[in-house]
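In the block that follows, a single chain appears as structure tokens, in the form predicted alone.
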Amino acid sequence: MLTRTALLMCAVLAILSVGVWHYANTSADYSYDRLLSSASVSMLDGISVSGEQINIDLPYSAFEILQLAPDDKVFYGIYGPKGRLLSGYNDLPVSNDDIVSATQQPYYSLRHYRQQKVRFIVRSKRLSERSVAGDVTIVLGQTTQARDSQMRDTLYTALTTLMAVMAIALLVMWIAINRALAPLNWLSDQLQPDSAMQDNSLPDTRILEVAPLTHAINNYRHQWLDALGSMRDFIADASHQIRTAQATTKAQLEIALSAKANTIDKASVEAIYQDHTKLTRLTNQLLAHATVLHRGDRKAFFAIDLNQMLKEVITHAVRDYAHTDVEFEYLGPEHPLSMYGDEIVLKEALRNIIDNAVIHGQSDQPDHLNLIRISIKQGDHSYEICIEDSGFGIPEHARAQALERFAKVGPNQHGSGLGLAIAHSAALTHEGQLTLGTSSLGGLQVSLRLPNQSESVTHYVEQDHV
């Protein structure tokens, strides 16, 4: 910032230098041109007519005026009405056009004469005597040493003042920049020794400009560490579950391989099939849970028809569990139910709740109807999706634990313990709520309440499109 400011000031100084140089030249010319003008007027006043003769009496005062520049030389020439030289130098660099131009007003010019720069003035006077009529012209020149010296003095003084002002301005700006960036330097010093993995909060500061930034960094660090901790726990739990399933499958395969040749142990093959099914479901649920968590951070919500989405999920469930004795019942309106949300996340949540109801909601009692009822209720600002089963349910004291990952409660310990955890994460993604209760069918009722965020998430939708 200081370097760019210095470069900008140098450019301004260059522009001002041109202006100062022009001013110095103009002021020097103006001062010494007035001397030439006064001297020329005095010399013309000394010209008179006597009979038919033109008398020239050069006054001493004219030369005293020019003595204000003592080191400069003076050259002059006086010409009569017909351009005849009356007095002075006969080789002055002045043309007839210059003399004609001086009849109206004095004419100034800068010429080289005798290897020196000379400033000339050409001035005329009208003689109206009967014997002598016409213009008498005086050409008066003076070398430019004094005016050049004055120009240089003015230029150097102005440039010195400008450079001093700019140096002071740069010094003030350097101090101001250091003071302005001191909070950021303090913040860098606080952040540099810390590791991104350490749960260290930045200390409170009295610097008003930095306090909001330190709070934002602390909040971001806490969120980052919380997300990192959740990821570590998830990976640890997933590794343990997958290793357990793989070890069980490997043990069943070893038992099958140790059997006699050409002998197929149907029980072992059935156990291997069950273990493989569990491993496949566990892997799918782990991927689904990771997808829900990832999309929950993005919150890319779009307009969806909740009623149509429920029908699609139920249709797939009926197809997948057609070989079982589970019956499905859907109680919902015929008109569309529009809301903003993540359709992929909601479908994963509903599938896992239904799968959980199928696995844990069946009863071993004969002639017991295994029914899963899905219904939806529309409130003023929310929708509530209820999935009920006719199984054994979950005791009230264990319902909070059932929402945790890999938690298995109730008499049926089958499954991975991820279904309700996935649904709970999906509810939090939509700023909703997942609650467990007792179903009117005698089993578990899972209620997924979703706010109709048609206005609050419009920002996310537009941002995603961009």
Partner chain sequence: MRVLLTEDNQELARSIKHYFKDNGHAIDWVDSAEKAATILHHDDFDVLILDVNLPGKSGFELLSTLRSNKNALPVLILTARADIDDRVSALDLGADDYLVKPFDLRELAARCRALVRRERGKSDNEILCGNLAFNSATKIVKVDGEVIDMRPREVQMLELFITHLDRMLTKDDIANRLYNFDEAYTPNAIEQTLTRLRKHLQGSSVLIKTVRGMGYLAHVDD
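Positions refer to the first chain, counted from 1. Computed from a predicted structure; not experimentally measured.
Beyond what is shown, the protein has a form predicted together with its partner chain; the following relates to that form.
query = Any of the heavy atoms of R152 lying within 4.5 Å of its partner chain in the predicted bound form?
reply = It does not: once its partner chain is placed as it appears in the predicted bound form, R152 has no heavy atom within 4.5 Å of it.
ask   = Would N284 show up as a contact with its partner chain in the predicted bound form if we use heavy atoms at 4.5 Å?
value = Because a heavy atom of N284 falls inside 4.5 Å of its partner chain in the predicted bound form, the answer is yes.
Residue contact check: A164 to its partner chain in the predicted bound form, 4.5 Å heavy atom = Contact check for A164: no, nothing within 4.5 Å of its partner chain in the predicted bound form.
ask   = Looking at the partner-bound form in the predicted bound form, is I99 within 4.5 Å of its partner chain by any heavy atom?
value = Taking the distances in the predicted bound form, the answer for I99 is no, it never comes within 4.5 Å of its partner chain.
inquiry  = Which residue, Y321, W186, Y383, F392, is the contact with its partner chain in the predicted bound form, using a 4.5 Å heavy atom cutoff?
reply    = Among Y321, W186, Y383, F392, a heavy atom within 4.5 Å of its partner chain in the predicted bound form occurs only for Y321.
message = Which residue, K117, R126, K311, R179, is the contact with its partner chain in the predicted bound form, using a 4.5 Å heavy atom cutoff?
response = Here the answer is residue option K311.
message = Just to confirm the contact call: exactly one of 273-281, 225-233, 384-392, 168-176 touches its partner chain in the predicted bound form at a 4.5 Å heavy atom cutoff, so which is it?
response = This holds for exactly one stretch, 273-281.
query = Can you tell me which residues in 149-172 come within 4.5 angstroms of its partner chain in the predicted bound form, by heavy atoms?
reply = Heavy-atom contacts within 4.5 Å come from no residue here.
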